[in-house]
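The chain below stands alone, shown as structure tokens; this is the form predicted on its own.
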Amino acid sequence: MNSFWNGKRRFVALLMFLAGVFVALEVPPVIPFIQLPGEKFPEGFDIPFTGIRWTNTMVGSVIVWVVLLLFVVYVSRRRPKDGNEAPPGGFYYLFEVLFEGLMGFVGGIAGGRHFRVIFNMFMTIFLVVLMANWMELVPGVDTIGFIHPHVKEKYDAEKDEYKLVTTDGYEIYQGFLGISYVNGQCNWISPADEAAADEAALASADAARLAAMDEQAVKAAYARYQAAHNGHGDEHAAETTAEADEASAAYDEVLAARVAEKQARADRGCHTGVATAPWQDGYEPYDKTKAKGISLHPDPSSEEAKLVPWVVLPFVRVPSTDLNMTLTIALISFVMIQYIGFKALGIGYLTKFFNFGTLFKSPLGGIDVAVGLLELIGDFAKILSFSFRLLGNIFAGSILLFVMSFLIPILPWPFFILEFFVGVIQALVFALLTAIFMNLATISHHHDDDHDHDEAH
């Protein structure tokens, strides 16, 4: 350990830490727009010869397979040519130890003549899911991508036409080398929403003034009562006079809070939601009829960009956060379970699900039929269980990293370490359950009965 941190490595680690602190303090963190399906790339980014648009989760899957291919090439080249050659050290030695450990672990669960098929499937699923899960720990995944205007077309049934509407998003600014950045400190606010917030502030101020006036009326009535019964009228009258301006103060306080909110946005460099309020000098009413039309594809560097909200459409997203990927692996696992069942038991494998042999021979024959049908339903339920378990855990982990990196951008490392182990556990669970179910598919329900019958002979 000491030798590892000797020399230049310490300075490299320190430099990386300081660079991380600088970026965390200077670059406003942005929570990406979160949605379950993979985001489609803009027009022009189609898969060659298909007309199908690339998605960022599809790109992530391609990267996973490329990395695994390079990994296979690395392992095949580093692998000893014969038993007399000592294995090389470093990463290959670590992988060989893990590989042999997993082989022994799976062999204790699914040993036998079908072990090689089961283990190959186990290891393939484990590596694919592990690489996909760990992608959420790579810097730039889910955070670097296209600056995308969050505008969509909505059909207006009354006018029989489509119109452009804005949704939630952020403001953008031009940074180094003309690159556009999403400003995570300034959520975009439309003029209509800002005008509605100003009107709501005026209504709240009026309500505060009326509440203060009601309170004053109660105090005045109490003062008159005290004057009539205790002779302290002059004292309470003075108190009532001193509180005469409370209603006006309550009104001004609410409006001052609204102005302070606008000023705080202006201090952060925001350009929306900072217009002059109706109760301030220089106010110009918002006229919807004169409002500029928004564009579906505005230029990020133009003034038109201020009229729409923006989000980051990542180049790469974690494949495990897309149901397409998890469901595909679940279907492959399901097909392999049925394949090895037929390979081991032949057509007799179907008696696990359609066991009518004892229906008319035994009083319990109906139970065998019901159990078989339940097992058939359970086999199909494995598809949902596999796909949604992996999807839910990794998708929730990605959101956790987004939020914690936003709240504590300098020290989110404990959560990255947590997701590192969550990725391993989820990959291991998915692969291990596949191996267990494949092994169970090779075992006949009548195995014990046949064994007892052979012993009797």
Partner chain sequence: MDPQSTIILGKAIGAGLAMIGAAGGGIGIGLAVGGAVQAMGRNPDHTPTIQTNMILGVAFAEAVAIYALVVSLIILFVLS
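All values reported here derive from a predicted model rather than from experimental measurement. Positions refer to the first chain, counted from 1.
A second form of this protein, the form predicted in complex with the partner chain, is not displayed here; the remarks below concern that form.
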| query | Is residue 426 one of the residues lying within 4.5 Å of the partner chain in the predicted complex, judged by heavy atom distances? | reply | yes
| query | Is there a non-hydrogen atom of residue 109 within 4.5 angstroms of a non-hydrogen atom of the partner chain in the predicted complex? | reply | yes
| said: Using a 4.5 angstroms cut-off on non-hydrogen atoms, would residue 388 count as touching the partner chain in the predicted complex? | reply: yes
| query | Can you check whether residue 105 is within 4.5 Å of the partner chain in the predicted complex, heavy atom basis? | reply | yes
| field | Listed residue that, although the partner chain is not shown, lies within 4.5 Å of it in the predicted complex (heavy atoms), from 418, 408, 34, 68 | value | 34
| note | Checked 419-444 against the partner chain in the predicted complex; residues with a heavy atom within 4.5 Å, sequence order, are 426, 429, 432, 433, 436, 437
